[in-house]
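In the block that follows, a single chain appears as structure tokens, in the form predicted alone.
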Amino acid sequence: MPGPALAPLNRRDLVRLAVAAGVAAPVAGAARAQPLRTPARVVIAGAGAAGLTMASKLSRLLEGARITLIGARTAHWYQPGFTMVASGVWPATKVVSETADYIAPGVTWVRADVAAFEPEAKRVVATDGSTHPYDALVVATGCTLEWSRIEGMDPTLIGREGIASVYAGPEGAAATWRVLQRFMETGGVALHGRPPTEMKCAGAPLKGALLWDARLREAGTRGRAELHYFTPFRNLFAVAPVHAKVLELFAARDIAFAYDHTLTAVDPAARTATFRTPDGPKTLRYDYLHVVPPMAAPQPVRESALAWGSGPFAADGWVEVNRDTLQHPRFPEVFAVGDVAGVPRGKTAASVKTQAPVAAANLVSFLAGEQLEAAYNGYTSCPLITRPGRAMLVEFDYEGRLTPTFPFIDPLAEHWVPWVMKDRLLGPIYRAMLHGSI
């Protein structure tokens, strides 16, 4: 189902947008005149967006190094596109490519996952039994989806009994669209929400609620549907101006919401969802339920000395790193990038684009025995789609300050330009990021 007609873009517009969108927050101290010549052994744990980007960047910054990339998945998923699939804008095939297409020349790819981190011995053990000693390690394993922390929930349910989720891979996103299409015909009660943990792309559940509303209105069946959004927190988005804008959008679209609600159980047969609330458990009947599971660091990270031992990132095992340099404070040869990094912001692909130059520059400085000067400011970007053809390009830093790339676009206004970026430009920019060219 196509979105509404868009204003035409001329070549100059496209070039301007592509150049601007390819430049996120500036990276202080990240420049280096020449590659560092070194025989160092560099291991990158994880072959998703963060790992592939780091492998590409380090292959350019290091001469003579032995770079090993560890990751089992042969299909690469463009996760920022899952919402587009789940809302019927893109086919699932558009978000799937081959991991091999992004492996930088000279990088050794071990097609296995990490079984154990042994930072005291400076080595990583893979699930194929191989052991990989290192002089520098990049942890880029991403996060795990903890479906089992919701009683009765299993990812195989997605697409059945009214259960949907954009987080369950390309097929899960496609199944979500099929469930939504059925709901558009029948109407009923739709429940959306987010988990109490840190999560990748915290704007995705909000996009879902707004997009599903738009699709129902297009189908002429919005009057037969109730839309609800539940959050475990006291806000709809952690950045205050964005929270205020979402409140405005929900009010205009008659989307009900509630704070302090955490999804704890699902009964697919009865089509009920149970939430933990300050007043005790609350069970609601649903016709459409979009499930966002709790998220955590992968088990090998959680079980290692690399994880935070205390503080807000300890419970789910995120890698302990300095939030500015992305370097581990106890194991200085270790850096973390992407979802697994235990920092206050930064679980989006746009964050990887800004984190990777910082981590790569600082890793090279570490190997060279130099002071680490590159700094990540928490830059996170969320193209918050509000309806097909319109979106808000929300960009912010650690402090929750809006940091718009485009001075000519109000970051809290629904505009066609962020939609065009999401639909046409961010995919090519993302692939360029994986190749290390931006």
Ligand SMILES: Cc1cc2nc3c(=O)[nH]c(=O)nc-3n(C[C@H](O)[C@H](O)[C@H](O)COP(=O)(O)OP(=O)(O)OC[C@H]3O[C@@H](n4cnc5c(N)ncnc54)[C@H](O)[C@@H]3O)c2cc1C
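Throughout, we count residues from 1 along the sequence that is shown. Just so it is clear, the model here is predicted, and its values are computed rather than measured.
The next section is about a form of this same protein that is not shown, the form predicted in complex with the ligand.
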The ligand isn't shown here, but in the predicted complex, which of 87-95, 332-340, 179-187, 224-232 has heavy atoms within 4.5 Å of it? 332-340
Three-residue site Pro195, Trp308 and Arg323 fully in contact with the ligand in the predicted complex at 4.5 Å by heavy atom: no
Answer for Ala350 alone: is it within 4.5 Å of the ligand in the predicted complex, judged on heavy atom distances? yes
How about Ala140: is it within 4.5 Å of the ligand in the predicted complex, going by heavy atoms? yes
So in the predicted complex, does any heavy atom of Val166 sit within 4.5 Å of the ligand? yes
Quick one: is Lys200 in contact with the ligand in the predicted complex, heavy atoms, 4.5 Å cut-off? yes
Find the only residue in Pro357, Pro294, Pro300, Pro170 having a heavy atom within 4.5 Å of the ligand in the predicted complex. Pro300
Listed residue that, although the ligand is not shown, lies within 4.5 Å of it in the predicted complex (heavy atoms), from His328, Lys207, Arg215, Arg345: Lys207
Out of 74-95, which residues reach within 4.5 Å of the ligand in the predicted complex, heavy atoms considered? Gln79, Pro80, Phe82
